[in-house]
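In structure tokens, the next block holds one chain alone, the form predicted alone.
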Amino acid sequence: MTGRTRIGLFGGTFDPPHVGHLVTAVNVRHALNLDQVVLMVANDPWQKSGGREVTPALDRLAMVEAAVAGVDGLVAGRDEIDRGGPSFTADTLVHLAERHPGVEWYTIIGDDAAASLDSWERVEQVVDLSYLVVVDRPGHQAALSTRYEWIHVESPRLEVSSTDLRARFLDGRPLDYLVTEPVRRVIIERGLYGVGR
């Protein structure tokens, strides 16, 4: 242990944030003894550009804030929204390192994203500015590029899909235990995913 503040950076679209996101963040924080995990809301998720319409960033931030409220060590991050434009982890880490000198950063990614790390914008900066944390399914360690040093953390794999959740809101299927009640309230209050239209 270095005695430095250790913060996990868990970026995503979070459209909507679900229990799988929370389980991952809580488990990584515990496994690595992190002081905090920031669920960083992408302003313009470049990997989703050109596909489906993404819910406005401030609505996604409100859902993440509701999801992490009262969860020890988890916070919502809005830096990428405040900066505007496409969201790249390298830009976020540069910005955070300038604002918080001396912090050890841990970039948290799922095994699917980790497998395509070479496609990331300025991946070398991400590697230089943070430790790479890949979340594995219990008993199954992902086979990843040996170009990078990885920290593997096992976390229960909850097969929850944001795409499925949006469809469930539209057709009225139950969402119990898939999103937290505070997130569900934000969705209803803001009329997201066709609710109340």
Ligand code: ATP
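Predicted model, so just to flag it, every value in this text is computed and none were measured. In this text, residue numbers run from 1 along the sequence as written.
Absent from the display: the form predicted together with the ligand. The rest refers to it.
Taking Arg157, His152, Arg168, His30 one by one, only a single residue has any non-hydrogen atom within 4.5 Å of the ligand in the model of the complex, and it is Arg157. Using a 4.5 Å cutoff between non-hydrogen atoms, Ser161 counts as a contact of the ligand in the model of the complex. Contact annotation for Ala113: at least one heavy atom lies within 4.5 Å of the ligand in the model of the complex. Mapping the unseen interface onto this chain, Thr180 falls outside it, with no heavy atom inside 4.5 Å of the ligand in the model of the complex.
For the chain shown alone, Val126 is not a contact residue for the ligand in the model of the complex, no non-hydrogen atom being within 4.5 angstroms.
Contacts of stretch 61-80 with the ligand in the model of the complex, defined by any heavy atom lying within 4.5 Å, are made by none of its residues.
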